[in-house]
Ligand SMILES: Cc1cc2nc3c(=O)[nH]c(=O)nc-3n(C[C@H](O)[C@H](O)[C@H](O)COP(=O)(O)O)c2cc1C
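Have a look below at one chain only, the form predicted on its own, in structure tokens format.
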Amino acid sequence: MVVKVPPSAKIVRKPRFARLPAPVLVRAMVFGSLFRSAPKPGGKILVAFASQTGAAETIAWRSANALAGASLVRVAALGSLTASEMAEAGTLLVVTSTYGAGEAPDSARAFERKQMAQQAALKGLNYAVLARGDRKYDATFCGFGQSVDRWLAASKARRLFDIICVDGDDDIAAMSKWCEQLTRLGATTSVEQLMPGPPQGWILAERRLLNPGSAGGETWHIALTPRELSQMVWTAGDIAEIWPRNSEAAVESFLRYHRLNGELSFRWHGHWTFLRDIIAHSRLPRPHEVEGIALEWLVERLESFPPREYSIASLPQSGRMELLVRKAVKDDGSLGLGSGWLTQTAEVGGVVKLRLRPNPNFQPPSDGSQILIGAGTGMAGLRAHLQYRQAMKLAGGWLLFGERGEKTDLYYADDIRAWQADGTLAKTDLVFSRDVSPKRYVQNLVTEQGEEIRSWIEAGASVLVCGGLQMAAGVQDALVALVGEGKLDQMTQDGLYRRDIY
């Protein structure tokens, strides 16, 4: 299910009223300015979000919508708020993700550095924190959310309830706690309404190796087609969450061995699901883990495969969803769960379960000139943006891209030539680390082209970065050296510096 949320570029300008559905806007107009009115105690709620890929922002808006019938609600990006604006609210609800090693999302970096560096005067403010993270990073799980929670407590705000830490998109237990607390604040909602919808079935239409003979890992072109045209709804920068699965043969063998009916349905991750599908998307337990166990208990104990996120490399106008997938190979020679399944195990013509995720922090920021920086499979996200600019007849793009070898790893070379020919790309700089000595990377390009990049930025160009964490960190360091940390913070708040990193 695609959830439409207001573009973050509109949120960071700190409007007095958040953009809620029509009934909420009517309520706001009747009562006037949210924080100048005098509702009953506890009637003013500020919902603040800090989101890297849009998931935390979506939960924030859904929570606000649920509360709007009983309270006067404002929604804002956490990074756009000052301590005094927080203090004005009767109740503050923070919904935040954690990026990297316990760090703040891009939009909240400046907030963490400036606001959270010292205690604020927040006595009299009630607050609660919902933190999203990935438990496989146990040492830093929900790290930024926990930092926000500690800072608010140290600033004398009153904690309404303990921080709720959510493990990914399908942590129904944690989201149920959040739903319960929202209900106590007057919300009318259910946990299903707060969580993403179930994944939908797409057809694996094409799989093609793009870089045979590469010095790096195999990179595959994956194309998916929808079962229904209504599924073709996304924009440049959005994300596909792919559910890896066991093979059909393995599922049928498991059901047959344990004499289980795959057509039985169970409540699983908040949705009614056939047992066959539950088994398909879970680690297959060993025989001794199944024997003598009630079926309902077995379903509860199954370890489901987490979804894998991929930047979408196409637009709906193409009639299909295209991905750029690097096949991960572990030290023992086994394949990564998601990439191994997509590139090797899944059958062409078979069903792939996926869920679209709007990613407002990486959607097109403006129609002006644009610098697009990426490496490796980060070309996927940049390609969708360049397709968007081509469709909108927007000139003035500058692509800086890095990979290993030009002969094997220049993905979408025909597209690049077409963008150069029609003016979508005004400038293109490519670097291939294995073709030169000493090795050079895309962050080196940023430094080498520094004067011109600074000139583009001063003229109002936006900057998009897509690719791996190490590359993105190197690019950010190079940009800070060029324009300064304050300028980069301001560009982030204005929606002119956006990243999709993994």
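Since the structure is predicted, the reported quantities are computational estimates derived from the model, not experimental observations. Sequential numbering from 1, following the sequence displayed.
The next section is about a form of this same protein that is not shown, the form predicted together with the named molecule.
- This chain appears without its partner; in the predicted bound form, the one residue of R109, R389, R357, H281 with a heavy atom within 4.5 Å of the named molecule is R357.
- Scanning I222, V148, C142, V75 against the named molecule in the predicted bound form with a 4.5 Å heavy atom cut-off leaves one residue, C142.
- The stretch from 54-62, 472-480, 445-453, 429-437 that comes within 4.5 Å of the named molecule in the predicted bound form, counting heavy atoms only, is 54-62.
- The closest non-hydrogen atom of P198 lies beyond 4.5 Å of the named molecule in the predicted bound form.
- The named molecule in the predicted bound form is not approached by A154, whose heavy atoms all lie more than 4.5 angstroms from it.
- In the predicted bound form, no heavy atom of F274 sits within 4.5 Å of the named molecule.
- Taking the partner from elsewhere, T98 is found to have a heavy atom lying within 4.5 Å of the named molecule in the predicted bound form.
- Annotation for 123-141: interface residues with the named molecule in the predicted bound form are R132, G133, D134, Y137, T140, F141 [heavy atom within 4.5 Å].
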